[in-house]
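Just one chain is shown here, as structure tokens, and it is the form predicted on its own.
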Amino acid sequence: MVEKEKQILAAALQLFVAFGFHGTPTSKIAAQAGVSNGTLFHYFKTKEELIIALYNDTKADMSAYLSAQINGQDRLELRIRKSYIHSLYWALENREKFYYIQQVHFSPHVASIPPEVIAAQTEFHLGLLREGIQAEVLRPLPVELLFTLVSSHVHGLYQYLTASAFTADHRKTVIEESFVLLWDMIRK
């Protein structure tokens, strides 16, 4: 990715989070990025393309972080635990990015993401859950349902943790205890 493209994505992230999709014209993004409208449209043909590119870039950033935290040799429960806990820590450290992911999920723009891209973005998590079902560690529920339960837990706990000013120790305790609750819910 070239520097101007990175500048455009960074400006778009700040503005979309602050003003929403409709409240952020591309001219404002270009000005914030320090580029012309023509330059913005050189990299992203439409505003929709920019929205999706930013979403994909953000999801790739999160996935790279999670991949670096999880050892494939660990037992399954530990890998699921690390995936859950580090998803929350990434979200708390990257609030604008996590908010943006949520923003896209609850918008019509999510329909513009090709199914194969969504499949690639969720494969790691779905793979862990499939492995858990096959090993009879997790409840034999549809993998998409388990994924929805885990994802909803992450999103809900994120909302809880950001609604109040917790100390780092208290936040860690809440995250750890919430995993125990989640694990009790999905394990066989």
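Sequential numbering from 1, following the sequence displayed. Treat the numbers as computed from the prediction; the structure is a model and nothing was measured.
The same protein also exists as the form predicted together with a further copy of the same chain; that form is not shown, yet it is the one meant from here on.
Shown without its partner, this chain lists Gly127, Gly156, Gly38, Gly34 as candidates; in the model of the complex, only Gly156 has a non-hydrogen atom within 4.5 angstroms of a further copy of the same chain. Listed residues Ala60, Leu145, Ala68, Ala119 were compared with a further copy of the same chain in the model of the complex; Leu145 is the one with a heavy atom within 4.5 Å. Interface residue remark: Pro114 is not counted as part of the site for a further copy of the same chain in the model of the complex, having no heavy atom within 4.5 Å. When contacts are judged by a 4.5 Å heavy atom cut-off, Met185 counts as touching a further copy of the same chain in the model of the complex. Using a 4.5 angstroms threshold between heavy atoms, Tyr99 counts as touching a further copy of the same chain in the model of the complex. Shown alone here, Ser107 lies within 4.5 Å of a further copy of the same chain in the model of the complex, counting heavy atoms only.
Partner contact region in the model of the complex: 136-144, out of 38-46, 136-144, 60-68, 25-33, criterion any non-hydrogen atom within 4.5 Å of a further copy of the same chain.
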